[in-house]
Ligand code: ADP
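Below you'll find only one chain, the form predicted on its own, shown as structure tokens.
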Amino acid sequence: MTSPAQADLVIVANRLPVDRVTAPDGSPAWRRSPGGLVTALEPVMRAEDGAWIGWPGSSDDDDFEPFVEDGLSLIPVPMSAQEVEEFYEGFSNGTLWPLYHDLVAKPEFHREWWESYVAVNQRFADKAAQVAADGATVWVQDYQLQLVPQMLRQQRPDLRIGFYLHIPFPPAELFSQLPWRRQILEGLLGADLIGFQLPGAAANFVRLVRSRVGHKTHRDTIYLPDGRPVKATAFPISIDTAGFEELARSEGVERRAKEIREALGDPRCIFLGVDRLDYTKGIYSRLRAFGELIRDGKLDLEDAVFVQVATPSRERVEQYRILRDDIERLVGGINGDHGRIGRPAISYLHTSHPREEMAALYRAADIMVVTPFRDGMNLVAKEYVACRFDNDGALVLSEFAGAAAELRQAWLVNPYDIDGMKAMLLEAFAADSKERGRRMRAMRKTVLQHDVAKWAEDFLRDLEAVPEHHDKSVRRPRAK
């Protein structure tokens, strides 16, 4: 891309799809971030001469010129340290995150956080207005940028704008607590198509628009006063299924999976949890349930061990530091009471791992335990299924994860019910290979048919199909 004003497809996300790293010679360099979103969008971005707008992840880097990395046109958006604190850690993750996750933690409502959220959203919208070509498609991602669609439409009514929410969208009773509820709804209504993980979330949004903003609605369509239709519907996100299976079949991953089992003492059953360290993920409850099964003699350390990977997350936020301390105390107590030399009951890893190591853990584990209190989707569950190419293994899955709507053959649990979770862990543990195979084959069929490429293709196709209703005569001049 020769200039930041020629992209026919613009992705607007909180972060760029690359991380700043130090090259072997000591110079700064960029490395592609892990994650399915860039995997899904990279082919269409290349085909459409696309650009990706996002924060580079640092508040002290003054090099914010557009650049090309591995053929992708990347447009950095700056943020000050105060904005990182107020917009990202504050409003995005201290207000919206708990509010949208069923108030698992208490959200905080601070006016200065909101003001920073508005300012940063405006900066992203201004950059998108500058970068998008005439009649381009702009796809805005996630809860950090919910005001961007309307801000962008005010500047560029010629654009086709999509928005996708990767986390849950709450019912009216919870969303209505937000002092800036109408502004958020109107911000999202700047899009032509708004995508959610589940049909219930889309229905929540449509009902709120009808009751709080007063627009006419019919099923999944909202009609604005100027006649412009906005569609709100579900597009369950997925993973690069083929890529994960290919990785799982590789010699290196198979070898590493065997090493992991041997290092754990080659028990009959390895339980595995993989999560970002977050209070919505239900890590404490699942480890407590496992600890009680060991304590009560329902499971023996010769038979079963638990590996919990808790990737560091939002380390500067007080609630996350408290959660980390609570989990580490619980693990220490269980291992102190029930572990033996060389055989802890729980192996707890508070660190991030590359994709190859995660695939090896998925291959080594007999039972995957995914028990969030609320999750938009939970891609870990799908990654585990993708890696079980021999149709063995068991998935214990929270009914409050979006993935439960698709992976119905998992052992579904209520993570608030410790006794029920214990019973389901034992049921999955006792299941024979025939029962596990039947369930895994069905889940694998689902994940293979609905991968992340299909998700992106379906969204962009439906965005293109939304009837145009743009008054191009009111277009404002593009920012220079």
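Throughout, we count residues from 1 along the sequence that is shown. Since this is a predicted model, take the numbers as computed values, not measurements. Definition used throughout: the rigid core is the maximal C-alpha set that superposes within 1.5 Å between two forms.
Beyond what is shown, the protein has a form predicted together with this ligand; the following relates to that form.
Residue contact check for Tyr117: none of its heavy atoms lie within 4.5 Å of this ligand in the model of the complex.
The closest non-hydrogen atom of Gln154 lies beyond 4.5 Å of this ligand in the model of the complex. Among heavy atoms of His353, some come within 4.5 Å of this ligand in the model of the complex.
Although the partner is absent here, Thr39 lies within 4.5 Å of this ligand in the model of the complex, judged by heavy atoms. Just one listed stretch, out of 262-270, 305-313, 214-222, 178-186, contacts this ligand in the model of the complex at the 4.5 Å heavy atom level, and that stretch is 305-313. This chain is displayed alone, yet in the model of the complex one of Arg388, Lys281, Lys127, Arg286 has a heavy atom within 4.5 Å of this ligand; that residue is Lys281. For the candidate set Arg207, His338, Arg276, Lys258, a heavy atom within 4.5 Å of this ligand in the model of the complex is found for exactly one residue, namely Arg276. Shown without its partner, the chain has Val380, Glu383 in segment 380-405 as residues with a non-hydrogen atom within 4.5 angstroms of this ligand in the model of the complex.
When two forms of a protein are overlaid on their rigid core, residues whose CA moves 2 Å or more are considered shifted, and Gly420 is not one of them between the shown form and the other one. After superposing the rigid core, the C-alpha of Pro43 moves by 2 Å or more between the shown form and the other one.
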